[in-house]
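In structure tokens, the next block holds one chain alone, the form predicted alone.
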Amino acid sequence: MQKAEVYSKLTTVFQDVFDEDDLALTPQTTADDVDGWDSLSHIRLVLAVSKAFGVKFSASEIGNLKNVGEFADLIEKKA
């Protein structure tokens, strides 16, 4: 899966989880940049991403992520 395809699909998932149709992601996007990204929505996000891409993540993989770019890289490796 190409990086552009990962970001396109990931953006759709983020928009759905956070109910924000104009949400745009960059590799540097963090939870602080997205309204409503708290611990509960983080869990919903990880589950939605896992389902959308057909991949599973360990708690340590998720815990080590610092931004959307690292999340996209992890997805790209697993997909």
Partner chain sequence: MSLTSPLFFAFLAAVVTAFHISESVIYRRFVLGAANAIFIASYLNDVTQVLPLLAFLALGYLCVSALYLRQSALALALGVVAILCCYVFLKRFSFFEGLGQLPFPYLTIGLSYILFRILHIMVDVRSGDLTERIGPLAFFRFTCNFLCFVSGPIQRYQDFSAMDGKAAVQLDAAAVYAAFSRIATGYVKFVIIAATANYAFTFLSPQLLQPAGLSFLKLCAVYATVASLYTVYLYFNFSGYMDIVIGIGTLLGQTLPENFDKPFSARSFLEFWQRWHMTLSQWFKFYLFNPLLMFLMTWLPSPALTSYLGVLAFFITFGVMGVWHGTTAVFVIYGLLMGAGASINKLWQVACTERFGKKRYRALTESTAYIYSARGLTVAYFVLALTCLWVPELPQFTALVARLGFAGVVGAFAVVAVVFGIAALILDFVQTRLRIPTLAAIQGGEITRNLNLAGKMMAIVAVATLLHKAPDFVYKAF
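Positions refer to the first chain, counted from 1. Just so it is clear, the model here is predicted, and its values are computed rather than measured.
The form predicted together with its partner chain exists for this protein as well; it is not shown, and the discussion that follows is about that form.
- Of the heavy atoms in residue 14, none are within 4.5 Å of its partner chain in the predicted bound form.
- When its partner chain is considered in the predicted bound form, residue 49 lies well away from it, no heavy atom lying within 4.5 Å.
- Among residues of the shown chain, residue 70 is not one whose heavy atoms approach its partner chain to within 4.5 Å in the predicted bound form.
- Contact annotation: residue 62 falls within 4.5 Å of its partner chain in the predicted bound form, judged by heavy atom distances.
- Contacts between stretch 10-32 and its partner chain, counted in the predicted bound form as any heavy atom lying within 4.5 Å, involve 18, 20, 32, listed in sequence order.
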